[in-house]
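Okay, so here's just one chain, in C-alpha cells, the form predicted alone.
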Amino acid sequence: MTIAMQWHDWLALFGQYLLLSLLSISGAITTVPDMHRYLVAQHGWLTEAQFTSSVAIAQAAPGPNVLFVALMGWNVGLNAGGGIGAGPVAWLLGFFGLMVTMVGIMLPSTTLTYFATRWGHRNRTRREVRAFKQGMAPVVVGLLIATGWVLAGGNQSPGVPAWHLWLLSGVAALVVWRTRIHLLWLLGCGAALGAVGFV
C-alpha cells in the first residue's frame, strides 16, 4: 500500500495522538476504536489488516501494551514511503511515523499521570477522589468492549459467517474473565482456528 503524506498530515497525526493520549483511560488500548476511525476509515493510511495485525502482534509480544501504537506509526510511515520493499527511505519514514505516534500518545498521558497520581495519593481518603475512581470502572469496561467490537468486526474473512467470529470473541472474553489462562494460549487457539478456516 502506498499513500501520500505531507507535513500537515504528519502534524495532524501527531495532534490526533496527543488528543487520544488524554482520553486513554486505563491504557492506550481503550482508544483503539478512535484510532481505527482516524487511520483506516477517515484517512485510509492503514489497511484493515495492518491495523488489526498491529494490535495483535503487540499484544502477543512481551513488553508494554502501548507498543501497538508504535507499530501503527511504523506502518503509516512505511506506506508513506512506498512499502517495506521500497528501501531505506521507507524504513526512515517508518521510524519517523513510529516516533510521531509514540511521542504523541506518551507525552500528555505520562505528564498528567505523574502529577495526578501524586495529588490523588495525597488526597486518597477524600470522598470525591474515591467516587471518581469507582465511577471510572464502567467507563473503562465500555471502552474495552468497543475496542473488541472494532477489532472483531474489521477482521472478518470473506465467505466465513460472522457468527463464528463473535462466538470466538465471546468465548475468549469469558475465558479471560473467569480463568488465569495466559493470553498466548488464546492467541494460539485463534491462530489455529484461523488456519483451519473457522474464522
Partner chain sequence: MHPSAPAAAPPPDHPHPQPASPRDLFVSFTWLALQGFGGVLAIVQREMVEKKKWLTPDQFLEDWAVAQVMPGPNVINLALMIGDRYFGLRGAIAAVAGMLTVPLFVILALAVLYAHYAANPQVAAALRGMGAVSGGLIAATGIKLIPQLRKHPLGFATCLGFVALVFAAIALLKIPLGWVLLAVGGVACVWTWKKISP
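Residue numbers count along the first chain shown, from 1. As the structure is a prediction and not an experimental result, all values here were calculated from the model. Take the two forms, superpose them, and find the largest set of C-alpha atoms that agree within 1.5 Å; that set is the rigid core.
Note that the form predicted in complex with its partner chain isn't included here; everything after this is about it.
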Checklist entry - Heavy atoms within 4.5 Å of its partner chain in the predicted bound form: does V89 have any? => result no
Checklist entry - Taking 4.5 angstroms as the cut-off for heavy atoms, does S24 touch its partner chain in the predicted bound form? => result yes
Checklist entry - With the cut-off set at 4.5 Å between non-hydrogen atoms, does K133 touch its partner chain in the predicted bound form? => result yes
Checklist entry - L98: heavy atom within 4.5 Å of its partner chain in the predicted bound form? => result yes
Checklist entry - Is any part of 172-199 within 4.5 angstroms of its partner chain in the predicted bound form by a non-hydrogen atom, and which residues would that be? => result A172, A173, V176, W177, T179, R180, I181, H182, L183, L184, L186, L187, G190, A191, G194, A195, V199
Checklist entry - Taking the rigid core as the frame, does R37 move its C-alpha by 2 Å or more between the shown form and the other one? => result no
Next on the checklist: Rigid core superposed, CA of G188 - does it shift 2 Å or more between the shown form and the other one?
Outcome noted: yes
Item to check | Core fit, then L19 C-alpha moves 2 Å or more between the shown form and the other one | outcome: no
